[in-house]
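Next comes just one chain, in structure tokens: the form predicted alone.
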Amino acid sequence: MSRIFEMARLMQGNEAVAEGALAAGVRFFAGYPITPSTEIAEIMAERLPRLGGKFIQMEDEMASLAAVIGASLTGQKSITATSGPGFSLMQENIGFAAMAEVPCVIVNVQRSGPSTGMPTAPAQGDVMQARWGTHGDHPVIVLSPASVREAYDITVRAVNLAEKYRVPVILLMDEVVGHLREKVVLPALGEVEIINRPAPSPNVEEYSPYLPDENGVPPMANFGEGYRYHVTGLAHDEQGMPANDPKVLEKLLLRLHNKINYNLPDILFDEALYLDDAQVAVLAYGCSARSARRAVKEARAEGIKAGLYRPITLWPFPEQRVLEVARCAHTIIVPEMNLGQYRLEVERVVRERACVRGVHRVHGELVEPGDILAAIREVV
């Protein structure tokens, strides 16, 4: 019996997220059950205690992320999972984690909205909320998987990026990927790359909690290890103390942006299919990308030069790569389960270089391959 056959299993997307988090070293979960993300909490509740970790069911989503932030400050890799309205409630603490530079991962398995909407119906309506949900001006990292195996891999990446850059990372799933079941072969634990947050020097007296290293990321001391520092959502200096000096605030916010902007090659992930000679490109993410792949292959079978660009990192927006697509294709089609949230960003970047068209569905069902193929045929 081969090793690959031995490791193959039928797995759900939400289960893959939980397994990926555990493989990445997550040992703390706090959350409030909400469809369609609940399986993640259920699995973590069962698995974490066996690994010496902690699971807490909190009274609501705001408290959940607050607990995750607190656990992360003690050195625990921490994660929470929610859906639609729960994600809205977490926004204030996402902003706090960004300002205080606390590593954590927030999984949002999107569902139809607004408000409580249709809890079991898929949607992609939280794309802009993931980018701009909090107040203030700060960068975010948002990743969106399209398959069960990728849900595992991207969860590992999300935890690693959170630790490496001391930022909250949002794993933007959707109900289809969350509840999809596929045959997967997971890597052995020894094959999973694990990244830990940058550690400070042993000299506790010289520790400056917000003094960046060469990558713009400050080393992070864990509470209880003898280092003393102040954590606040207020603008603060390199010691963590509140500051009203405009120069201090500007320096801080620019650094928060630059630690992401200067490391884009390490943060941006994507996939390209048949783009070398594509005259029509489909730009899709999450579950819509699954339909887009099918549509592109059927278009190719008809002799149409179609291609697929799939951003896995939704934010920061992959501007240069989208521009490269626009240099080849005369039309970019953006299928989404919303009314054009990501399409607007594509239009902003592409401008007159290519025509941008949307295929939008907000009826609680998947964008089908036939919808996208029809749009491809219309523009050739």
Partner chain sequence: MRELERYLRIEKFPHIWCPGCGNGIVLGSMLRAVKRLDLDQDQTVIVGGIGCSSRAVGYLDFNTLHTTHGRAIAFATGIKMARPDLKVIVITGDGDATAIGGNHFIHAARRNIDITLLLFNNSIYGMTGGQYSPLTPVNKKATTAPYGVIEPSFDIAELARVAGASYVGRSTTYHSSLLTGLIMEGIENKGFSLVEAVTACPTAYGRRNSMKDGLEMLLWQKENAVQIQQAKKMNPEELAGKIIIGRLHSQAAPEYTDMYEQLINRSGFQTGGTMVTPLKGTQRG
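Remember, predicted model here, so these are calculated numbers, not experimental data. Numbering follows the first chain given and starts at 1.
The protein also exists as the form predicted together with its partner chain; that form is not presented, and the subsequent description refers to it.
Contact annotation for the candidate site: Tyr262, Leu344 and Val362 all lie away from its partner chain in the model of the complex (no heavy atom within 4.5 Å). The contact residue chosen from Met118, Ala199, Leu254, Met241 relative to its partner chain in the model of the complex is Met241, the criterion being a non-hydrogen atom within 4.5 angstroms.
Proximity to its partner chain in the model of the complex, defined as a heavy atom within 4.5 Å, holds among Pro246, Gly190, Gly224, Pro114 only for Gly224. Here the chain stands by itself, but in the model of the complex one stretch of 270-278, 105-113, 154-162, 173-181, 173-181, has heavy atoms within 4.5 Å of its partner chain. Its partner chain in the model of the complex is approached by Gln76, whose closest heavy atom lies within 4.5 angstroms of it. Residue contact with its partner chain in the model of the complex: Phe96 places a heavy atom within 4.5 Å of it. Among residues of the shown chain, Arg27 is one whose heavy atoms approach its partner chain to within 4.5 Å in the model of the complex. Interface residue remark: Glu42 is counted as part of the site for its partner chain in the model of the complex, having a heavy atom within 4.5 Å. Looking at 43-57, the residues that come within 4.5 Å of its partner chain in the model of the complex, counting any heavy atom, are Ile43, Glu46, Arg47, Pro49, Arg50, Leu51, Gly52, Gly53, Lys54, Phe55, Ile56, Gln57.
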